[in-house]
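Here you get one chain, nothing else, as structure tokens; it is the form predicted alone.
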Amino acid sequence: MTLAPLALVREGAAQLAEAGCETPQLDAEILVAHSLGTDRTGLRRMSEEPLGEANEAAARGLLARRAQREPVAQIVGYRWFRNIQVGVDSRVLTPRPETELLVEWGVGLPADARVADIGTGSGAIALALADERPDLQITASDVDSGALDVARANATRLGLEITFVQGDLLDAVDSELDALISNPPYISDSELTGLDPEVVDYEPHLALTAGPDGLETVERLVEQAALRKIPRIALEIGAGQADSTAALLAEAGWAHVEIRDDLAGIARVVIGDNSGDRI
């Protein structure tokens, strides 16, 4: 006898809790719903009739993957970010809620601004900006061809116009820019092994780590942006890096430097502005 949908959710949540997943009930609901071709609301409206063997086997397969700490977003193949559904897999980082701070800054840019999203990964930042500010001229770069394949596929599916280029940081962006936005690697090499298995085992280390103090990529990007005299810059950084990053921007010549906290109260985004018209 197979289980009813919500009974399978309860069993799956217990399995995921034992495996150490942070949100076992939510994860189980999402995965069982996905396997049945519905969402969490639809799942709760389903009858208490037992599932067929094929449906239960499919749901249990997804739960088993999650119990191995594979991220939910990679299992279902997407993550919602702002107003768009961003496709993700093991070639890119899963977009985080705190990264939406960068988009909030970007939607305040002047009309028709020329913007570069450096280290675009899945394209989440660039695509969210293009969705909310279609007037912006957006170039998105990444050093990794696999990540760019994911980003281009997302842009095509969403019908959003982005110029994608491959290269290290600003090297491949040869146009004039009014603003630079980036969620660069900022985890120190020593910190990586202490992170959750979802990150260590399933996300690309190239997009995560940046030297002994985690600031190697930030330092190079700030130097390049200063040489290009880009008037506006916004960088996501790790916990405890805000003061160092703000000092880098000030020393590189940005007259106004601001730090913004995420919803957890962690200093998460550092902004430099030489435009005289701060966002």
Ligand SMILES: C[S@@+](CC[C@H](N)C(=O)[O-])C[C@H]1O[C@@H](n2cnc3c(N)ncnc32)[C@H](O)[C@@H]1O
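Residue indices: 1-based, along the sequence shown. Quick caveat, the model's predicted, so the values are computed rather than measured.
Here the subject shifts to the form predicted in complex with this ligand, a form of this protein not shown in this document.
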**Study point:** Residue (of 200, 107, 153, 206) lying close to this ligand in the model of the complex, criterion heavy atoms within 4.5 Å
**Key:** 206
Check your understanding: Out of 77, 159, 167, 194, which one falls within 4.5 Å of this ligand in the model of the complex, going by heavy atoms?
Key -> 167
Review point. Which among 107-115, 184-192, 67-75, 132-140 is in contact with this ligand in the model of the complex, heavy atoms within 4.5 angstroms?
Key: 184-192
Check your understanding: With a 4.5 Å heavy atom cut-off, would you call residue 93 a contact of this ligand in the model of the complex?
Key -> yes
Check your understanding: With the partner left out of view, is residue 125 within 4.5 angstroms of this ligand in the model of the complex by any non-hydrogen atom?
Key -> yes
Review point. Does residue 228 reach this ligand in the model of the complex, with heavy atoms at most 4.5 Å apart?
Key: no
Check your understanding: Looking at the partner-bound form in the model of the complex, is residue 40 within 4.5 Å of this ligand by any heavy atom?
Key -> no
